[in-house]
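The chain below stands alone, shown as structure tokens; this is the form predicted alone.
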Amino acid sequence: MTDTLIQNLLNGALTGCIYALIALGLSLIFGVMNVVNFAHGDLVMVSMYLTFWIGLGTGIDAAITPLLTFPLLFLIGLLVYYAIIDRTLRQRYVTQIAVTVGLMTFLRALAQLIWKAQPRALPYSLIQGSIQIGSYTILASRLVSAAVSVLVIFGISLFLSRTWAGRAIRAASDDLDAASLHGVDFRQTYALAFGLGSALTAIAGGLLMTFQQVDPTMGVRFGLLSWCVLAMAGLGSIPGLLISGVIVGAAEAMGMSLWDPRARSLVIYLLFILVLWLRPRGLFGRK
């Protein structure tokens, strides 16, 4: 039982790195614009379906499809921002919630219309096989996916700290009025943040499709998980997102191992409530 628990914790921690990548996109949107995007998880679902479609139609491996889906999701993010989000920025929160919930419902219905409710999976991947460490087995797909997620998170961190556009995003997040006085166009900055946050789901979707299937209801799960990771980490700490993602992934695996596979989410949400009760700003949050 101990070996099974450790095995599941390893798998959960590796998957948690992908959860952190998804939450990073959500953090860019919520942290900069203060917009609660309930459709973020469904963008992950759409990215997974696009990966399936491209992989099945062209033979491109799922791990490589983000080269195509990343710019596509970035454009979708820009379209959503200018068509929906920009019009609600100065509206009440209930209006922003309503439009993102509507977008979530639309994406889910669209996925069911195009791909039906049947789960879809790709039959192959370049990163197959496993690595044996003692009595524990690590799937190459999970290990590579975790490594790519960490590299992307590190790359976004460098982008935010080393480039003018990245610093503009951080400035708009900290103090929009002061940033505007220094020449930051808040609408372009918001559009960039929303587009980039949406595009990160393309990388996560491609990595997830290397070892699991997709169905139209998966957006709910990824949406809730990303909010849990973001709330536990708090705003303003990218390393904190990675640590929180690993914690959430490990908690999910622990629930499956020690209790019941059907109760895997229960452990996550109990931990989520406990963290917010003790530290309302999250484990690593600045604000």
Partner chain sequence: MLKEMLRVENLSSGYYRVPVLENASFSVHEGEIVTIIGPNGAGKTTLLKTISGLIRPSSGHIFFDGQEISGAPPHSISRIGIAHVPEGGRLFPNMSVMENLLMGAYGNREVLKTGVLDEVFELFPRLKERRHQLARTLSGGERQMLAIARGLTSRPRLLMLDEPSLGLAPVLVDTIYERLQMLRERGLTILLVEQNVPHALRLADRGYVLENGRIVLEGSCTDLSGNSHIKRHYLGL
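Residue numbers count along the first chain shown, from 1. These figures come from a predicted structure and were not determined experimentally.
If you look for the form predicted in complex with its partner chain, you will not find it shown, but the lines that follow are about it.
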Notebook entry, point to check: Since exactly one of I127, A179, L103, A111 fits, which has a heavy atom within 4.5 Å of its partner chain in the predicted bound form?
Noted result: A179
Check: Only one of S161, S135, Q91, Q118 has a non-hydrogen atom within 4.5 angstroms of its partner chain in the predicted bound form; which is it?
Finding: S161
Checklist line | 4.5 angstroms heavy atom contact with its partner chain in the predicted bound form for D86 | finding: no
Notebook entry, point to check: At the 4.5 Å heavy atom threshold, is I156 in contact with its partner chain in the predicted bound form?
Noted result: no
Notebook entry, point to check: According to a 4.5 angstroms non-hydrogen atom cut-off, is V184 in contact with its partner chain in the predicted bound form?
Noted result: yes
Next item on the list: Consider L122 of the chain shown here, and say whether it contacts its partner chain in the predicted bound form, taking contact as heavy atoms within 4.5 Å.
Entry: no
Item checked: its partner chain in the predicted bound form: contacting segment from 78-86, 139-147, 91-99, 161-169, heavy atom within 4.5 Å -> 161-169
